[in-house]
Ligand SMILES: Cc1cc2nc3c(=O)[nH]c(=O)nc-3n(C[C@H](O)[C@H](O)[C@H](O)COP(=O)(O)OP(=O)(O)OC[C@H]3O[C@@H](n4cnc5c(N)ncnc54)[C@H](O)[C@@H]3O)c2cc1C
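Only one chain is included here, represented as structure tokens and corresponding to the form predicted on its own.
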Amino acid sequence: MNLDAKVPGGPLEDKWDRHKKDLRLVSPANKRKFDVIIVGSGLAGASAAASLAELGYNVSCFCFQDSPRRAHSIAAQGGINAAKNYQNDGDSSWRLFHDTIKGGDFRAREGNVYRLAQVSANIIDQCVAQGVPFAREYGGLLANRSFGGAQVSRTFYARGQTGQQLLIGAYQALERQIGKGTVTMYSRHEMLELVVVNGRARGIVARDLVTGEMQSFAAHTVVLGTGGYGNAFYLSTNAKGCNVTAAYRAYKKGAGFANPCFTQIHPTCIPVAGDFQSKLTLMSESLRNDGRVWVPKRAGDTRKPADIPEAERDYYLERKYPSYGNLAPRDIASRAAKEACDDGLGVGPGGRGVFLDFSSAIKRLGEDTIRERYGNLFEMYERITDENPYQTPMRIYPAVHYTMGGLWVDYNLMSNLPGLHVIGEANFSDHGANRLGASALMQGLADGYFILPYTIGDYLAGAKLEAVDTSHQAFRDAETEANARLGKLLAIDGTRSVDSFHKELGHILWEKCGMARDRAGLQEALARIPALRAEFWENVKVPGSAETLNQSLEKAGRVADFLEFGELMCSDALIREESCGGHFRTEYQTEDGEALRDDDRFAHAAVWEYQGENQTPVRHIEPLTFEFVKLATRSYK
């Protein structure tokens, strides 16, 4: 497997500018001759589709939702980072880069991350020009707030609706191109196969989810912006439709899958309420700006929070991490909450919760100010829990939120499979082992607006692409394969629902490959998942047919992929014998319970190559070199 990252040499701050000068161009008259398929219409996909169409390419954009407006990016609440230094508090591209590299526990490429920090300022300008209603100070300047893992205020926000407002901006740009006829939008279509011709990605097979029709689409290049795989855990903050299918199909066609064990557990989610819950709700990390996290000092203390005096409260993040306090990074804050609950100090039903308390902030700033900053989040919490967070602390607990692993890409955002570009959460490139808050929106828009439009032209200008259409045998083979898989699922006619398998898989992954992992647990998972998968293919019940709208069939295909992908996650976690970011192996920790990295053995990206059904995939590595930052133990104390 060729894992040439193609990171330019020279000074860190000059890499991207020099690279742009060296990239080949497609002349304006020739751009219209190239067809580009973009799968996914969230922030990464929509911004890429709009930008490439504006440049003159013929773009086809696919999403399984009824509208691009319903992509999961809409759920991002807290904000988007940018090194604008509006607060004059010492921020810079270097500091954003350093925070991100450190936050990811030194498991990301320097070149990619610095580029992300550089273009972050452009994103804000772009979005303001689109009319995104960022919060502003009294004098009219854009406001900023803080997020975990940083000691500066660099997060731009639109109350608790930042993702929604940014997606509206990208969606409007996309709709403009749809109106001009430069983007053909295929909503309610799900990619089920990647088509490879002569070693290059040349198209996809997608199913019309309304009519059931299987269709082929050819292009000169394919872009995946299909998000992450957090729903492998069943319970997560992701939209229920989020899945790994598109990325996993590409993996099966030769694209390397990097660091699949890197999953982010977000510390501020509403706790699980019961066995029949199918979805978790995130409360934005921005709440930790003003909310203080605490638990009672005495185990089993069931008094109302207002009845527990200050002296009997443990503000454990402020105690353990005095430099960052409640703004400790997500992985650290999540583990600290789990430790408190494991020690019997948890609050609420089942003891799986900690308090996020705004009483001090309300006393200091007034309820109107808190309502202005977080009002919609407080309203959402009250609707779900029937508790008023202005009067009693929120109860929060960690939950699966984001995945740092994804398809391997080089500096040009192209996978090892020529012609297949991967952007946003679907790739592995920028966050290392842990994603800092407000960085997902930044990466999605950076990839779509400011990086891919440069690098995709270099590929198209340099590749010798023969004429290929959907009559090619590779498309017919891919359609046959997709239809056969759906037919097999429908023919089983077993007795267990798709959800029951998904729920059992999620339970295994959460218990054995979740916030804490160990060798014995991962080995147990690797024994149980194949057995569960075998039962799935013998006993799943999928009602209906493939010739019409059939959401059970859609779900069955996605869960079938999760059942294979879950094994890949656990295999990756088992081999990585260290703790870093969201990957915490209990055997590898310091005396005071902090993550213990092994840079000598694991300062690399682990990239898995598919070998065929029931064959063990091959693990390759891309060594990570650090020329500009010093590898150091991550400390927020």
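As the structure is a prediction and not an experimental result, all values here were calculated from the model. The numbering used is simple: start at 1 and walk along the sequence shown.
Beyond the structure shown, there is the form predicted in complex with this ligand, which is absent from this document and is the topic of what follows.
* Using the partner position in the model of the complex, report whether G581 sits within 4.5 Å of this ligand, counting heavy atoms only. => G581 lies outside the contact set for this ligand.
* To do: With heavy atoms only and a cut-off of 4.5 Å, decide whether G103 touches this ligand in the model of the complex.
  => No, G103 sits far enough from this ligand in the model of the complex that none of its heavy atoms falls within 4.5 Å.
* To do: Examine L282 and determine whether its closest non-hydrogen atom to this ligand in the model of the complex is within 4.5 angstroms.
  => L282 belongs to the contact set for this ligand.
* Find out whether any non-hydrogen atom of F64 is located within 4.5 angstroms of this ligand in the model of the complex, and reply yes or no. => F64: yes, in contact with this ligand in the model of the complex.
* Contacting member of G227, P260, P329, P267, with respect to this ligand in the model of the complex [4.5 Å, heavy atom] -> It is G227.
* Report the residue, out of A337, A438, A117, A399, that has at least one non-hydrogen atom within 4.5 angstroms of this ligand in the model of the complex. => It is A438 that has a heavy atom within 4.5 Å of the partner.
* Asked: In terms of non-hydrogen atoms within 4.5 angstroms, which of the given stretches 510-518, 474-482, 186-194, 171-179 touches this ligand in the model of the complex?
  -> Of the stretches listed, the one contacting the partner is 186-194.
* **Contact set, 31-52 vs this ligand in the model of the complex - heavy atom within 4.5 angstroms** => Sequence-ordered list: V39, G40, S41, G42, L43, A44, G45.
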